[in-house]
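Next up is one chain by itself, shown in structure tokens, the form predicted on its own.
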């Protein structure tokens, strides 16, 4: 791999980057009180260990108190941040990676009822739908103090020993001045392009006056808002030229699109089922126009696309940000000739949706990401090999078998179906979500490498399992559809599983009752609508699909709008009865006893799953722990040592949906944390 363009060093002025792979600025929401403490630091250090050239922290660190965090942002306006960032930078540097940080004033992209409850501010009082605040128009004294705040923040980042900073001009305050959609001012900061760039030039001048000419400064900027109200491509490229001509910056990090709504954001940051690298060619065109170092990231999930971006001269540094959430060791594996072992990003965007819904970034199928203090990315071998039997080859069982194999145990994986995957295979039946099968395929390849024995079309009976003389039995048998939320007529309904698997053909007039709020019900509704049926989705929630974040909401909402799917909230199904060749559905709600009826051809119900306890109950009496779990040890990342039956023959562990209906990430997390210390 000596001639791999991805592995070629890149010289950014005085800074030598060891390869062309970076993760762009993003906010994983691991901060504590606005500070990048141990969890935040270890997340970035893992990428440095993994061979990345540049890890860009924060997305973005806020420079002023009236730019309160919207999703765990770091506080660049607080002197305390210097010490925390210095430790992060030192640790990453020790492993050969450069570290930068993105700083910003969020402008209208936040809320007033956070932090110090100061008014949200923007160039003009134009509301951003995504964060819903009504901003005040920035006064001249606001502009003066924020320019100074940028310079103060830059000085802190230099003092922390970072390699550089990046200014965010992508849906925030800075580019809010650039865009005709958000700048309606009639003073010296509005109107002509010179005026709209005045704030940017003031910020750059103030930063350079504070940090000097040698500290690296870049701009992550929108160069085409792809919006009839916003910046045109011609204006965006001209802004890029002018910023470069100012001789105040060292690189550009390019974005295309606008982000004021979930629908617009999904076109900027595409998810599964959408085009990979949709803006790569655009970034290359701007690079050719400005003849200046260009970085870019937007769904570049695989090494082949990243390699093409560099080899074709489209980019100088390629951002693989979500890909590093899935596997922080991409560069190291490429260099070692182990590209095939990279854990793939499957585009689920569980990471970003969790952030936007107030959680922290978690990869759908790498449970170590963000948990580096307790969960390993590389599994250590056990001192003593054991005999481990895993029953069930869904996400929990596959992960448990993989981790046990990495530990060096003798592992047998038993699965009743002909193929691995469990509910992932069901989810991937929706063509738009087919990439999810990568979660299964990667683990099956790892199991083959590790020599794990797999037995498909095998129903695990208690006697047969005990005949294997296991030291540990892991039950990952999942669950079965639960349609018991319907008070009467349950025998007349169809489960979402039946629709997704193709076992049940959609009717012509279908009611989908989603009392779960995640992907299964929505995916079933999408597939039914695409089949040409008339569909109504009914949910007891205040808003539909509350378990899904905004980016994953977008493709469902688009299909529903295109196909005329009706959505009814605050409503429950009470009962279903046959009426001729139709089904009469009686509805109620938490607010009224009855709300009406519907006459349909088919009722599809999604209410999660229930585990089948038969095998678990049969094995419990023969186990040393009776199925009991030491939660304190589990939370602390220690091995299970509960003994309730000293005469037991094996330890019994139940994981994933075999315990209770949850999701893919929870199943994989169980597989990792229960097995990593076996």
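Residue numbers count along the first chain shown, from 1. Owing to the predicted nature of the structure, the values given are computational and were not obtained by experimental measurement.
The same protein has a further form, the form predicted in complex with a small molecule, not shown here; the description that follows concerns it.
- For the chain shown alone, residue 397 is not a contact residue for the small molecule in the model of the complex, no non-hydrogen atom being within 4.5 angstroms.
- In the model of the complex, at least one heavy atom of residue 26 sits within 4.5 Å of a heavy atom of the small molecule.
- Although the partner is absent from this view, residue 55 stays clear of the small molecule in the model of the complex, with no non-hydrogen atom inside 4.5 angstroms.
- The small molecule is not shown here, and in the model of the complex it never comes within 4.5 Å of any heavy atom of residue 483.
- This chain is displayed alone, yet in the model of the complex one of 321, 494, 412, 430 has a heavy atom within 4.5 Å of the small molecule; that residue is 321.
- In terms of contact with the small molecule in the model of the complex, the residue from 519, 108, 402, 220 that brings a heavy atom within 4.5 Å is 220.
- Proximity of 102, 299 and 351 to the small molecule in the model of the complex is complete: all three residues have a non-hydrogen atom within 4.5 angstroms.
- Heavy atoms within 4.5 Å of the small molecule in the model of the complex map, among the stretches 582 to 590, 175 to 183, 291 to 299, 120 to 128, onto 291 to 299 alone.
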